[in-house]
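Only one chain is shown below, in structure tokens, and it's the form predicted on its own.
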């Protein structure tokens, strides 16, 4: 849905539900990570861009003291949240956890919103690896700012949203998703140092190149331990290498310590996890340099190499995303495809493909058709430009 239509849809839904015009409308985008996967929690570099898919909240003042009431169109549910005190996390994680956690962390940060009610709409795919959760958190935080008549530093906002996800959604995520949703810049990707928070806006506004996102529409059932296990493996690798974070290690040091690491329980796995991170750091730097030069073929090669590492060393891909990347590679440069890789946490979700603008739709259709033939699953797909980050819609 075009952005303005999504805005109008949220406002109309609010008016129909509450019988008045919305005072505030806020939007926060999802994101796609071009390269630098599973590096943020190791203090490394990531390279996301905000996408033209958003969570939008239309809201207005409420007469219910100390309470926020938000209706989610996606889940057809209403949540009531305290604005007076930081409430504890609920035992079951669902969409209320992201909203309530963000409000609670905003209160802890000193924001004091007036009572409000609102309607949440979104076209960020759920479970597609495009950060629908951060989009929701950052939209809620932006609404709380508006209802408080106070803005906070965007870095602080991103960090409070990350804290909400840690404490209320029980997901020990890195900082990338919340940062790019809060601070994305139209026409630019963000090269983000996850340790120092230093950011470089890298132009990606060449009209001849586009970003194609294909959702495999598969999300494999996991035990819940896969993400924390990989974080713990990386932390153990850093400990064995004598550094605080893997960011401070090197491939040479890892290779020198290989025998000792592999002698540890699960040592072979720990070694591979560390190798993914350290090689992904190098790929991310080369990818950024290639984009600055406009060398999209070189950037694409780094994407393919990153996917192989995610498959073989980090073991977070799945047959469906592997197939989407393989189909893109088969089309190749002659059909306008520069490179492709899995994006997001893995085990399903989406791929990101760098493609010639004029050949994007043809390539997208060809990949989708062959994917559906081989899997029986119809993928979702869209072409996006780098979008702007969270904002209060003034008009």
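Keep in mind the model is a prediction, meaning the values are calculated, not measured. Residue numbers count along the first chain shown, from 1.
If you look for the form predicted in complex with a small molecule, you will not find it shown, but the lines that follow are about it.
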Within 4.5 Å of the small molecule in the model of the complex, heavy atom basis, the matching stretch of 281 to 289, 151 to 159, 233 to 241, 165 to 173 is 165 to 173
Q) Looking in the model of the complex, any heavy atom of residue 41 within 4.5 Å of the small molecule? A) yes
>> Residue-level question: is residue 344 within 4.5 Å of the small molecule in the model of the complex, judged on heavy atoms?
In response: yes
Item to complete: Using the partner position in the model of the complex, report whether residue 296 sits within 4.5 Å of the small molecule, counting heavy atoms only.
Response: no
Exercise. Does any heavy atom of residue 227 come within 4.5 Å of a heavy atom of the small molecule in the model of the complex?
Worked result: yes
